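First come two forms of one protein chain, each written alone as structure tokens, so that there is a structure 1 and a structure 2.
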Structure 1
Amino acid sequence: MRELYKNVGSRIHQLDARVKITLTLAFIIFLNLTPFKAWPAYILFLTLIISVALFSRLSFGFVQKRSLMVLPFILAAVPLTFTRQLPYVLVPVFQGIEVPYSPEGFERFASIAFKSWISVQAAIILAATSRFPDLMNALMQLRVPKIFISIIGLMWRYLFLISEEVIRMMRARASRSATMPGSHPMSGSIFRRASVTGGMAGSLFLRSLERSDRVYAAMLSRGYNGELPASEATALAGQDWWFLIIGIPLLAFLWILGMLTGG
């Protein structure tokens, strides 16, 4: 497992993490408050986020590839296409089989999918242009409750520990699975593969619990008191203030445009 941070030295990378968190949250909030029929505003939001990605020297493929993680959440909105109010339109699917769908429901689904896709891109750019410790310090300086910061910090660090456990388990499975050259190491019936996968998942759960106990004991022995150490707050630089002064009104303007053009 690798961190999302990409050190390419752009102006966005040099911004204070507090500014980037504030603008990212404002972007997501204004975007999701935009009415579902305001497609001109959606296009402008998308143009803005792509421009920020290019200004950050992040490749288009890097951002789009990682934004695919939103697909499972988008699928949850598919029922809107078939459950909204009348009128319904019949779409031929197979010989003599027609599926009714609501045009308004489909437009709502497309709106939710588009908003989710753009919001995830904003979060990816934030993570790719900010080091994780800088984000944690920025959240502390923004007066986010310490319990939330501790949960986020520990969760992020434990993800790397769990990924290491998974790699070791897969290496152990491969070393104990004698197969013919060219055959898949997990060959066999689907029930056998499901049994092996279930056993690995259970073993991973037990190993994670044991590993977390050892890590927590090590943290306590080194003086951990339930809070992550914070650095001293520093004043925002001039360019940080300019990004805030320009960014917030620009996002508000896009939202107002969406309110005027939406349904």
Structure 2
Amino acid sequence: MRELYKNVGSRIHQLDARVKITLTLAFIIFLNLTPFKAWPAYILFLTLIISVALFSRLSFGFVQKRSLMVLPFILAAVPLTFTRQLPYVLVPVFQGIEVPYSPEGFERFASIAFKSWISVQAAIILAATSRFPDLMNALMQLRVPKIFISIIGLMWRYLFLISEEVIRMMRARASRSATMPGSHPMSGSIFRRASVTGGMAGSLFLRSLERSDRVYAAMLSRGYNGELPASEATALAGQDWWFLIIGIPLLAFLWILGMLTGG
């Protein structure tokens, strides 16, 4: 598990996180408001997000590889192709078995997959160009409850520590479960394997509960009074306003184009 943020110091990195969150959300909302089959608009949305990725100096391969993680979910939309949406043709696949293939349904499926792929790239750029504290500050100024921000902030602080603990546990399990090559990676029946893993989960939660007691005591002894210190709210700079003033109408324009071309 690794943080996505990469400090390569581009203009996009320096942009206020509030602007980045707003624009990412606007991008995803306008893209998803675009009807099915609005291919010209989709291409422009894709052009836009790839240009932003380039100006963020993120490597093309990094963004694309990361965006593949939406792939498994796309399976959920595949059936649209075969559900007898009019007009459909019966395509024989095997003796006597015919599949109702609907070009209309396929195009809907392709639209969903494409939109999903573009949306996730926007989310990747947001995470890869914003530092975690900046994101949290921005969310706080965008009126997300303070206590929730504190919870997520503390979660982030311990996430990598605890995930290393999990990796150590799994390594310990692997080293204690010797098996013949080619057999199951872990020995014993499925119930034994499950109960070993369950024991690991139980001890993880036990350790974490105890850790939280210690952390709380340490926080109290350093003067914690229920709120984490927050940095001052700053006004948006000129550059930030420019991005908003040009970005939102541009997205709205692409959406209108999509409404005109889609079906």
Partner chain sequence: MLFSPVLSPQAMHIPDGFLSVIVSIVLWVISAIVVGIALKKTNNELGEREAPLMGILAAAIFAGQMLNFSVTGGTSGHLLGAAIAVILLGPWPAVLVMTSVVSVQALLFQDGGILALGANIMNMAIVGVFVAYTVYALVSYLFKKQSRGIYVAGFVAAWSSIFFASLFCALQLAVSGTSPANISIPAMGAIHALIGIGEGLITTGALVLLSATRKDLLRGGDNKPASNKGVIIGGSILVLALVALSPMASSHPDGLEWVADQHGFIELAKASLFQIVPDYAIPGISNIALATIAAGILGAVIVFSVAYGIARTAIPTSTQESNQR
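Every value quoted in this text rests on a predicted model; they were computed, and no experiment measured them. One-based numbering along structure 1's sequence throughout. In this text, rigid core is short for the largest set of C-alphas that superpose within 1.5 Å between two forms.
Note: the form predicted alone is the first of the two, structure 1. Arg157: CA moves 2 Å or more between the two structures after rigid-core fitting. With the core held fixed, Phe55 shows a CA shift below 2 Å between the two structures. A displacement of 2 angstroms or greater separates the C-alpha positions of Leu206 between the two structures, with the rigid core held in common. Core superposition places the C-alpha of Met170 3.5 Å apart between the two structures.
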